[in-house]
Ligand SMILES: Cc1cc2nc3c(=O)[nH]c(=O)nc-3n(C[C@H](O)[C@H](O)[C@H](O)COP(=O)(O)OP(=O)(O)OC[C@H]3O[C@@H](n4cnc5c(N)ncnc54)[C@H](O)[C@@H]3O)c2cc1C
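A single chain, nothing else alongside it, follows as structure tokens in the form predicted alone.
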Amino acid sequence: MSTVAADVVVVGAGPAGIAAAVRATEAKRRVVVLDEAPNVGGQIWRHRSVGTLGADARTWIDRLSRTNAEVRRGVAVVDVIVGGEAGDITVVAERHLGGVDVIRTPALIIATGARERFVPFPGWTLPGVTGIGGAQALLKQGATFRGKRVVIAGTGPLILPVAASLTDAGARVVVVAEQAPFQAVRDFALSLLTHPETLLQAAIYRLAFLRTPYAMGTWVTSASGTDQLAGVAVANARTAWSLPCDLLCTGYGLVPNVDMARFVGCTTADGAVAVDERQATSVPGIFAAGEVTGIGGVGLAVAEGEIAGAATAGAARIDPSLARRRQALRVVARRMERAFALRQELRSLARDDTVICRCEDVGRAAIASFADSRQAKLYARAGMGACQGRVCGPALELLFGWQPGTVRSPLEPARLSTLSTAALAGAASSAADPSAGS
């Protein structure tokens, strides 16, 4: 076990976390960055070598490397203990290769990003069905899809770069099915005329798979196969048809990863962490930046990260140019949310025998009669598996309107030795301040 002190702890080394760490470190603060991955960059800037990244990503990662920020990779935060007074925060993190880090800090920046939202449908657990973001991550890590027949189905702008990347990698993309209707997608595209660089990037992606149909108002209703995906059924408002395929990439947008924020008591609204103009949460000393405060893309995440980093470093005022950029990108994010809102038909795809909780193999019929997610967990074990509801939680909310349950320690699966260390850290915090708690 190592125990250190830092002026700022940043959890998450994606675009928001990197920007926050850079700004705080350049203001002469001692910063510790914690991330589970072997490389910085998060899911969106995932890479095997920096040379494979775009110019903006390379610039920020290089800028971080030239600071004195201490980046601890391959660690998972399992507990956060907030003292009774502002500026009394203890973070307990487990190293994947063994050992525990206990870091005491007056300022914590939560930049934990987002997760993919999956909509359960018959056959969605078959081998050969993967998330859209998961397919992108596999591709970046060296997986090959050359020659495979691929169907991409879901919603949101992430569909475009993934379709372009898979086509460029030699996959035979059969169709790209966007569940949002044509008019909604068109209106969103027209709204980007005030952001020509974003519109141009989208056009470049579309050109990359120009020979593939981009079917709007279309969604997958089921996947078929015995031990492996063999085909999918697709529908729109007028008709339905079937397509043979080897790989289905599906995902219905992103949901903010707010577990840590909810655990420490931060106020959330519409599934995201609520922050003020300085990216401060409702808990003194705790800030949040990036997709955890609402889905808005890389540009918004970086802007929020910069503001949070400057705020934790004691900046007296927000940089006006950063504030303007953040506001403009938030407007785009709200338009995107409206354009790609999930259609009602998706809520009725799952049948009684369709698995909802993959970890515990719980079908829809086994939980449909319960009143909330707590009952589903207690009586049917939905959400009790290895992912701790990270996959089925958003699905249960979509299908039944159930809100997520209480978040408890450990925040990630952990060794018993780590849990005992966390307990000792909590006891030490309580001894220093009897009103402290986690």
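Note that residue numbering begins at 1 and tracks the sequence as displayed. No experiment lies behind these values; they were computed from the predicted model shown.
Keep in mind the form predicted together with the named molecule is missing from the figure; the text below concerns it.
Q. Is there any non-hydrogen atom of residue 120 lying within 4.5 Å of the named molecule in the predicted bound form?
A. Output for residue 120 is no: heavy atoms all beyond 4.5 Å of the named molecule.
Q) Is residue 152 one of the residues lying within 4.5 Å of the named molecule in the predicted bound form, judged by heavy atom distances? A) Contact with the named molecule, no.
Q: Look up in the predicted bound form whether residue 111 has a non-hydrogen atom within 4.5 angstroms of the named molecule, and give yes or no.
A: Because a heavy atom of residue 111 falls inside 4.5 Å of the named molecule in the predicted bound form, the answer is yes.
Q. Looking at the partner-bound form in the predicted bound form, is residue 407 within 4.5 Å of the named molecule by any heavy atom?
A. Contact check for residue 407: no, nothing within 4.5 Å of the named molecule in the predicted bound form.
Q) So which of 233, 342, 76, 185 reaches within 4.5 angstroms of the named molecule in the predicted bound form, heavy atom to heavy atom? A) That would be 76.
Q | Candidate from 34, 64, 399, 57 lying within 4.5 Å of the named molecule in the predicted bound form - any heavy atom | A | Of the listed residues, the single hit is 34.
Q) Only one of 309-317, 220-228, 262-270, 284-292 gets a heavy atom within 4.5 Å of the named molecule in the predicted bound form; which is it? A) Every other range fails; the passing one is 284-292.
Q: Check, residue by residue, if 6, 83 and 426 all come within 4.5 Å of the named molecule in the predicted bound form, counting heavy atoms only.
A: Checking in the predicted bound form: none of 6, 83 and 426 is within 4.5 Å of the named molecule.
Q. So which residues in 120-143, when you check the named molecule in the predicted bound form, have a heavy atom no farther than 4.5 Å from it?
A. If the 4.5 Å heavy-atom criterion is applied to the named molecule in the predicted bound form, 120-143 yields 133, 136.
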